[in-house]
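Taking the form predicted on its own, here's one chain by itself in structure tokens.
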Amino acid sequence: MLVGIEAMNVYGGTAFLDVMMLAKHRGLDTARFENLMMKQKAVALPFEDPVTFGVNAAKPIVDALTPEEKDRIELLVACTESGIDFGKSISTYMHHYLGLNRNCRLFEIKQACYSGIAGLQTAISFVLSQASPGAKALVVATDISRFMTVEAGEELTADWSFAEPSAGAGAVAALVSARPHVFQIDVGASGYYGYEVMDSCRPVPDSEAGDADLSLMSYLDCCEQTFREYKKRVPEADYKETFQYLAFHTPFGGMVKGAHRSMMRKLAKAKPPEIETDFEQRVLPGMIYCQRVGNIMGATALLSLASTLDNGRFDTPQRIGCFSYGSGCCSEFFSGVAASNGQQLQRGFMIGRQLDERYALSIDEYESLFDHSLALRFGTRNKKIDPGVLPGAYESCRGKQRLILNEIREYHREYRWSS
């Protein structure tokens, strides 16, 4: 049976910041900064939250369906580590504002940066089960970072200065069905691997902590081990030859480049010049959107896949190997096939143009948002949102039918469409 992604869209927010400008403002070592391979980071504005990002990613997909097709969405999975309530799932808000059928199973997954792929694989299993033949599943991975960090302790790494430029905000929505126009999953071709490690975490809802070196080591370990497990299930698989493209979870570009270099050395015995060429051909297409949005945690592996689909060459069907890693940790290597007709459908969402149209923040505007972030902390009970805090940014989304946060009233979040 065929299964995979029927349609996929990315929402990279209303505003972005030039990260080199931020690095210079913070006095960071720009030579070291180059290793991040970052260009821009999406920044969540006061009227944006994980719900608005997720709905704005999913709405173009849902709107393109016929009423009959829309009613066959029988599973909605929200994937996030930026939840806004310990009990109420953000999938309920998404379900409401997308106008989906009430005969729909909806819930939320939290598994650090692995959550988006956990949701994707859950959706794939749902479709394959044929429990409801012809049903579709909507997976929405959405995460934001209103940048705050926990103070260092005895074991906690103090230097998070290079995390700020890479921490982004955004969402990816994927419609999963038995009509995989965009990305056909290789059913059963998957290697997963996980264990307990305290590399990074959110010990309180709005702040992050961790050990950057430990996280890098765990990422590298999982990349190798997931592929080795994949190869047990697909014995003929070859890291260098089997996959025409590779889509990595991308905390920042340098980590991906290091992981790919390690894999090519160990598994293909490749030399540096060959590794560099291979990286540019097979990996870099998947990093283009990541370099413009930043690390959006649970959505980043899907963001890399979307970038590969838009920016790769698919004159003939091409196999894409995908690696997802979530701190704590769980990871997976899986694969699928994309072709030119799927790329044409995918490009119809004009993701690159949407990223081009975002509002460019100045450093002063960016730093002014910190106070507003404090006012929107987890557990906020009552708050009226002023969309005109940054008038230029709000104006940039007028007329685009974007969902925005209007008010929090007795903990309940109320949204409206931008006019």
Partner chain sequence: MNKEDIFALVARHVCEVIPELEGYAFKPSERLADLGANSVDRAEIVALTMEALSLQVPRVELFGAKNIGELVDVLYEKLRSA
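Positions refer to the first chain, counted from 1. Since this is a predicted model, take the numbers as computed values, not measurements.
The form predicted in complex with its partner chain exists for this protein as well; it is not shown, and the discussion that follows is about that form.
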{"item": "Proximity of residue 163 to its partner chain in the model of the complex, heavy atoms at 4.5 Å", "value": "no"}
{"item": "Residue contact check: residue 28 to its partner chain in the model of the complex, 4.5 Å heavy atom", "value": "no"}
{"item": "Contact flag, residue 254 vs its partner chain in the model of the complex, heavy atom cut 4.5 Å", "value": "yes"}
{"item": "Residue 32 within 4.5 Å of its partner chain in the model of the complex, heavy atoms", "value": "yes"}
{"item": "Three-residue site 212, 220 and 262 fully in contact with its partner chain in the model of the complex at 4.5 Å by heavy atom", "value": "yes"}
{"item": "Candidate stretches 96 to 104, 343 to 351, 307 to 315, 221 to 229 - the one whose heavy atoms come within 4.5 Å of its partner chain in the model of the complex", "value": "221 to 229"}
{"item": "Contacting member of 36, 355, 376, 62, with respect to its partner chain in the model of the complex [4.5 Å, heavy atom]", "value": "36"}
{"item": "Contact residue in the model of the complex, chosen from 233, 240, 110, 266 - any heavy atom within 4.5 Å of its partner chain", "value": "266"}
